[in-house]
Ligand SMILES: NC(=O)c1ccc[n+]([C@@H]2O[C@H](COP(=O)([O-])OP(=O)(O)OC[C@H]3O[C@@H](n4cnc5c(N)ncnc54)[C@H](OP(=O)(O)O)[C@@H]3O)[C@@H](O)[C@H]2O)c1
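The chain below stands alone, shown as structure tokens; this is the form predicted on its own.
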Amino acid sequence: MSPFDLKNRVILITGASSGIGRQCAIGCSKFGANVILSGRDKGRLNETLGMLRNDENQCHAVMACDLTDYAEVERMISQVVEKMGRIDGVLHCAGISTTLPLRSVSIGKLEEYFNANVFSAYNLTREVCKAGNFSKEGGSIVFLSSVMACVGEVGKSLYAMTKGALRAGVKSLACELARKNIRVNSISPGVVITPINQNLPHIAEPERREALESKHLLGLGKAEDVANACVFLLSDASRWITGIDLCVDGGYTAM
């Protein structure tokens, strides 16, 4: 058996309606996982569902949910456990991004971004780790952070603060949950081309794209590059790894 095998494991993936989250769901299904797709858009989640590998012994599910609604999250986790059994892994891809100068960041924006990127991640972890929800054998929780958590860029302070909070929280959560054999790690991607961002100016305009590519030793990334790293951290191949941030950035942070 391959150490990357996820057969019979129940993996909850947030932000699974598009981009990296969708590709992670596809990747986990290819390695045998039973995947729960979570996001706010049920129609797009069903599109992802249709892309998953679905072998004879696999069972996938769609759970539309607003992760900033804590009561709704509690109900979702209860439904997941009732329908699929205890959770073996969580991949938290949901989040929002922005480029805003300091003068344009209002208190409302602060609350919006910390609610979406930090508080929802922490609450989701709290819910899945409640008695009876997570596998007795333990498992893995992975947060999607960003290279912006450790490098600087104009207009990225708000986004970077939220992703830095995730990266910092991983270490203490890893210490706290180790007694349950639950590993906690994060992944910090560089710039990844997805259907959502491929038409944005920084990628679509040749000069701006060239400047962006020059910051990545191996060029810009694909969603599959991040998804493969996520499968690794969810699987037994990484069973002795916890409390770390894995940069999957094409060499961005090496510059």
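Keep in mind that this is a model prediction, so the values were computed, not measured. The numbering used is simple: start at 1 and walk along the sequence shown.
What comes next is about the form predicted together with this ligand, which is not displayed.
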Using a 4.5 Å heavy atom cut-off, state whether A16 contacts this ligand in the predicted complex.
yes
Is it the case that Y113, even though its partner is missing from this view, gets within 4.5 Å of this ligand in the predicted complex, heavy atoms only? no
(message) I'd like to check something about D41: if you look in the predicted complex, is any of its heavy atoms closer than or equal to 4.5 Å to a heavy atom of this ligand?
(response) yes
TODO: Indicate whether C65 is a 4.5 Å heavy atom neighbour of this ligand in the predicted complex.
DONE: yes
The listed residue (I196, C59, A204, L217) that reaches within 4.5 Å of this ligand in the predicted complex by any heavy atom is I196
Students should find that, of V142, L124, L173, A94, the residue having a non-hydrogen atom no more than 4.5 angstroms from this ligand in the predicted complex is A94
TL;DR on 150 to 158, 100 to 108, 132 to 140, 67 to 75: the one with heavy atoms within 4.5 Å of this ligand in the predicted complex is 67 to 75
